[in-house]
Ligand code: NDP
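As C-alpha cells, one chain now follows by itself in the form predicted on its own.
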Amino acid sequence: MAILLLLNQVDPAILEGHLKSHPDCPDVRTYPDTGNVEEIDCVIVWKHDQGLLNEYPNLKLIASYGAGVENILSDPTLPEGVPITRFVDKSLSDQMAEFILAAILNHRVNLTYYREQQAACHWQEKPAIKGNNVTILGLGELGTTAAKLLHKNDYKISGWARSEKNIDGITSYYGENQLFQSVAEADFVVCLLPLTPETREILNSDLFAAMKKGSYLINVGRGDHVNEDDLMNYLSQEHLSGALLDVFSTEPLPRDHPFWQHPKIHVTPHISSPTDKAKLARQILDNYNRLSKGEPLLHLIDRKRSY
C-alpha cells in the first residue's frame, strides 16, 4: 500500500524525505505521479483540488498537512466514512504563542512605525500604547498556549469559545450571547478560531462595533474569518487602530489587493505557526500504523463540528 502527498503551495520534497527516513514508512508517492490508484490508502493533503480524493477507491485515511482542515471539509465530494486527522504538536502552539506576543509588542512599542521613520531618515518619537487587555477568540490547543504565555507576561487575558473553559488566570466567555461582551474591553483581539460555517466572517462590522475605539486586531486563524470590507471600513473610521493579518482568503495575497498598501494593516505571509515537517511525518506514520492495527487514531476530526 502507499501514502500519497497531495500538496498545493507546499514543496512536498522535504516531507517526503522525512517520511522515507523512517524504517516503518510504506511506499510514498507525490501527485500527480500516483501510480496504481488502488494501492493508495492514505493521502496527506493541503489545499487540494475538489474531487481528487474520490480517485482513490481504497482510501482509509486523510491527513491534513497542518492544523486546519477547512479545505478538506469544504470539498462537497469528500469521501464518506474516511477518517480525517490534523497535525497537532507543541511546536505549533509555542510558535503561535510567540508570534502573537511579538505582534502585540510590536504594536505597543511602535516598532513598525520606527522602521518607517528610519526609511524616511526622520527622527520622531511616538508614545507607547499602554493597554494590556487581550481577548483570544478560540481556546483550543493554540489559543490556550497563547493565553498562558501572555498571562505570564502580565497581560490581562480573556478568551471566548464555543463552550466554557477553565484556565487559571483566564476569564472565560462562551456561547454566542457572550461574544460581544468578550471583546468589549480588549485592547487586542486575537482570532484563533477554527473555520466553520458559524465562524466564517465572524470578524465583521458587528464585532468591530463591539470592540472599544483604538483596539487592535490580530488574525492568525483563517482568512475567511474576516469580512474584508467591514475591516477596511472600521480602519478608515479610526475605530480600530490597526490590524495584523497572517492569513487570507486567497493565498498568496494577490499583488493588487488593497491590504498590501494600507498604512494600518501589517501583512505577514502565513508564517505564524509553520508545520514542523519531521514531526508531521512521524505523527502521520504513527496514525498509519494505528490504522493498520485497528487502534484509535490521534487528532481525529469530528466532521459535524468541523474540527
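The first residue of the shown sequence is 1; numbering continues from there. Just so it is clear, the model here is predicted, and its values are computed rather than measured.
Below, we refer to the form predicted in complex with this ligand, which is not included among the displayed structures.
Among Val267, Leu53, Ala67, Leu61, the residue placing a heavy atom within 4.5 Å of this ligand in the predicted bound form is Ala67. For the candidate set Ser215, Thr85, Thr199, Thr135, a heavy atom within 4.5 Å of this ligand in the predicted bound form is found for exactly one residue, namely Thr199. The stretch that touches this ligand in the predicted bound form, counting heavy atoms within 4.5 Å, is 243-251, out of 53-61, 23-31, 277-285, 243-251. Using a 4.5 angstroms threshold between heavy atoms, Trp160 counts as touching this ligand in the predicted bound form. Contact check for Arg222: a heavy atom falls within 4.5 Å of this ligand in the predicted bound form.
This ligand is not shown here, and in the predicted bound form it never comes within 4.5 Å of any heavy atom of Asp230. Although the partner is absent here, Arg108 lies well away from this ligand in the predicted bound form, with no heavy atom inside 4.5 Å. In the predicted bound form, Gly138, Leu139, Gly140, Glu141, Leu142, Gly143 are the residues of 124-157 with at least one heavy atom within 4.5 Å of this ligand, listed from first to last.
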